[in-house]
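In the block that follows, a single chain appears as C-alpha cells, in the form predicted on its own.
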C-alpha cells in the first residue's frame, strides 16, 4: 500500500490540499481494503467512521426507493472520496455503495479527516467545493429526467461510460453494467432499457456480447434526440 504523500490518486480529490506532514499523518492511520465485484462497501443507514478513497476500480452509489428498488445515483471512480458528506453532517449515510468491479480502497479514520477539516481551511474549502459540485450534478440530473427522452439519456450514459472509463482491447466498454442498472441510471423500467439497447443494436449504433457493449457509432449517440 503506497503512502498518501506519494500516491497519485490524491491529485483527483480534496486530499491534494493537505500538506506533506498532514498526508504523512493520514498515511500512518489509513487501512488498505479490497472489495470484490458485487461486494457491499457500506449500506444506506450506516454510521461511517471514516472516508473511503478509491485507489482503483468503480463503484455505484444507490438509494433504496419506496418500491423497494435500488436507484443508481452516481458512479464513483479512481480518486473519489466516499462518505465525506456523512462525516461533515454527522448523519448516517443516505446511500449504499457497491463495487462494480474489483476495487482497491484506502479507509481513513474520521478523527484524521475531522482534524484536517478543523485545521486546514484550504482542505475544508476543497471538500465544500466538491460537495457543491455533487449538488449541482444532482440538480442537472433532475432536469435531464424531466426534459430529455429516455433514448437520449441512455445515449448519454453510454457516452459517459466510454469517455470516463474507456474500452478494453476489443473495444467493449471496460465497465460492465447490468441492464437493470442502466434502467436505474436513466430512470426507466428494465424492459424499456432493454428495448432501447436492442433498437440501438439493430441500428448498428452498438454491438453486444453478453452483458458487454461496444459503441459502433459514437456520433449517432451524440446526436440522439
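Numbering follows the first chain given and starts at 1. A quick note: this is a predicted structure, and the numbers were derived from the prediction, not measured.
If you look for the form predicted together with the DNA, you will not find it shown, but the lines that follow are about it.
This chain is drawn without the DNA; in the model of the complex, the residue among 27, 39, 188, 167 with a heavy atom within 4.5 Å of it is 188.
When the DNA is considered in the model of the complex, only one residue from 77, 117, 150, 128 comes within 4.5 Å through any heavy atom, namely 150. The candidate stretches are 39-47, 52-60, 157-165, 173-181, and the one lying within 4.5 Å of the DNA in the model of the complex by heavy atoms is 173-181. Here the marked residues 195, 198 and 201 all reach the DNA in the model of the complex, each with a heavy atom within 4.5 angstroms. Taking non-hydrogen atoms only, residue 211 approaches the DNA to within 4.5 angstroms in the model of the complex. Proximity of residue 69 to the DNA in the model of the complex falls within the 4.5 Å heavy atom cutoff. Residues of 119-134 are not found to place any heavy atom within 4.5 Å of the DNA in the model of the complex.
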